[in-house]
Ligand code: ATP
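This document opens with one chain alone, in structure tokens, the form predicted alone.
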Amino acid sequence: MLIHSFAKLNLALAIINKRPDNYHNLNTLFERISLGDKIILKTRRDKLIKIHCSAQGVPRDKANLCWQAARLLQDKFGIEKGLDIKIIKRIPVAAGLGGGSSNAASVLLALNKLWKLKLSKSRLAALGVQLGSDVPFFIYNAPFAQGQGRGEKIRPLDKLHKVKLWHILVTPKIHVSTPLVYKEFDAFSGLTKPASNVKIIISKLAKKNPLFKPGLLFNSLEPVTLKLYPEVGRIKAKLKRLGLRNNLMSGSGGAVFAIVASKEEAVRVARRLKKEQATWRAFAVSTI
């Protein structure tokens, strides 16, 4: 079985407070984008789960979220079959794009069909949150959704189903540590409050007015990641010099994106960056 596993962007990410369980309450606006991995599933006669992936930085053992997703369903529903999981990786690893969470969600959705479990999306999402806070977003297959709690409380934004944004997306060749970013966030003082909120951005999108004024998009974690990983700041500075002032880091970083007016502009900027910055990866992507 061949399945597609798409990345996400956070058009807004506001950290509300720290929870007693050491996670953080947040309010975020997810967007699913066209950058994606391919996953090939093949049933095994034994109960083993094998991960096959040539990409650097992707675990091939039980640390892999695809492995954990398959084992979760095996254990929960007494499945006696095993699985070969081949991941053809295109989403940059540890970049704030949710690649691992998307892969896990795709495996849950596929095995729900392959193993005839007949689970609802809400049930799959409840299982998925055991693997990661971003997993439920990908379960719902929504182009846009609001996430609250740890990010796992998902409200698909059906009224935005016809909205399509184009982005230039840039990632440095570094792996950002999400636990380190949150640790520094908790110790960091002087963070600014969001200039806007998720409701305002959703309202703008509903009016098909995607070229927001600078400062409307917001990520509470960005100042911390810029401090820890200066290369992310260099990407933001480069995009500003290209006239793309309204750029933002996704998740805990280090991917940075900007909303552009058209596919042509996204492709043009991506080509230019690939020529000028050999250590960065640049993609022209859209809502999907």
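Please read these numbers as outputs of a predicted model, since none were measured by experiment. Numbers for residues come from their place in the sequence shown, where the first is 1.
As for the form predicted in complex with the named molecule, it is not shown, yet the points below apply to it.
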Can you check whether A94 is within 4.5 Å of the named molecule in the predicted bound form, heavy atom basis?
yes
- Closest heavy atom of T178 to the named molecule in the predicted bound form, within 4.5 Å or not? yes
Indicate whether the named molecule has at least one heavy atom within 4.5 Å of a heavy atom of G99 in the predicted bound form.
yes
Would you classify A63 as touching the named molecule in the predicted bound form, given a 4.5 Å non-hydrogen atom cut-off? yes
Given 257 to 265, 235 to 243, 28 to 36, 52 to 60, the stretch touching the named molecule in the predicted bound form at heavy atoms within 4.5 Å is 52 to 60
Among K204, R150, K89, K121, just one has a heavy atom within 4.5 Å of the named molecule in the predicted bound form, namely K89
